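Given as structure tokens, the chain that follows is alone and in the form predicted on its own.
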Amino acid sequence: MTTKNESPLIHCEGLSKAYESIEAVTGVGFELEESESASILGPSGCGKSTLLRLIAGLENPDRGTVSLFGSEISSPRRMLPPEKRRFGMVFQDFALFPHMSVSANIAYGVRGSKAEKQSRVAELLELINLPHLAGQMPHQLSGGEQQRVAVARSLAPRPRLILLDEPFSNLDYQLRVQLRRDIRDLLRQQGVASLLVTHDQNEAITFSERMLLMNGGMLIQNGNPSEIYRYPKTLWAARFVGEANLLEVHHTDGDNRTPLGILNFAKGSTGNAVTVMIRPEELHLLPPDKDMTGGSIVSIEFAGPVQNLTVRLDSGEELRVSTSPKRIWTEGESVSVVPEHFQCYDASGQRLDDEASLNPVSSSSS
């Protein structure tokens, strides 16, 4: 019977790495459990790939440590070679051996007898639904087929962890969506932990159980995708993960006045909030009402399951609103705008009390 390790699969503490004067990763710390899928999300140049290389053992940290099941494997004074970590890697350029068949690529790195290797290759070819291409060469495969083979090859030696560095970026949209779903399901079926590097928020949200949001070499937020989307810790995070309407707050006569009227804040946010953030789907449009905040529809974008509208308030501010496509709107139509939930942020861009997003909203034009 297999016993579960008490220590996390990966524990990073205070990881930092600089290249000359550029601090690529600064003080990053997090844990990854066995069989857990996580993504490192952030803009280009934020340190995502450097963090992945530090975990893989392809780079040594200047400060901090990486531990595997509680044992240190990377630090400024110690470095366990990548090949001894039992991690698999998948890259955006597939990195298949061009002179080897599909079967030979998958078998590469698998230990055991010839029969054991053949059995493992056959098992993985079935898992990636490509048994009919076993004898083909990489150049005879499509991009999606090559990436499936690359994943199978990384799984063949039964790794503890799969590290994926922008593996879907070279594929067209529809194939990218299908392939990331298939690979996500395959990794979960195999019970292998995964860490995906991506700059695509939709990819991170749909692929992973947990997201590590990075910017400027630092870990900004660590949580499940729903938590980070609904409760971003900073205004930067709010803008990066999804669309965000940002409105100024003015505190006058004990009221929290915004372009959407007077809003009820949690006690800890009153007087401290200078900005409220509202997602487009958290705004509702109603028929014009003199007692509500009014505006008019400037533009309408049909996006399949939703309509994305731009609404200009009577005060001049423009807001993005997402609604069901079942309701037909017209440009120039007058509406009332009512917020359902919101987040409060202070002058430094940090989120205030979570309760602010759950309080009843009082929206009036007064």
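If you're wondering where the values come from, they're calculated on a predicted model, not measured in any experiment. One rule holds for the numbers: they count along the sequence shown, beginning at 1.
One more form of this protein, predicted together with adenosine-5'-diphosphate, exists but is not displayed; see below.
Student: With adenosine-5'-diphosphate left out of view, choose which of S324, S315, T330, S44 has a non-hydrogen atom within 4.5 angstroms of it in the model of the complex.
Tutor: Looking at the other structure, the residue within range turns out to be S44.
Student: Pick from C12, L352, A24, L9: which residue has any heavy atom within 4.5 angstroms of adenosine-5'-diphosphate in the model of the complex?
Tutor: So the residue touching adenosine-5'-diphosphate in the model of the complex, by this definition, is A24.
Student: Contact between S49 and adenosine-5'-diphosphate in the model of the complex at 4.5 Å, heavy atoms?
Tutor: S49: contacts adenosine-5'-diphosphate in the model of the complex.
Student: Taking 4.5 angstroms as the heavy atom distance cut-off, pick the stretch from 333 to 341, 36 to 44, 61 to 69, 304 to 312 that is near adenosine-5'-diphosphate in the model of the complex.
Tutor: It is 36 to 44 that comes within 4.5 Å of the partner.
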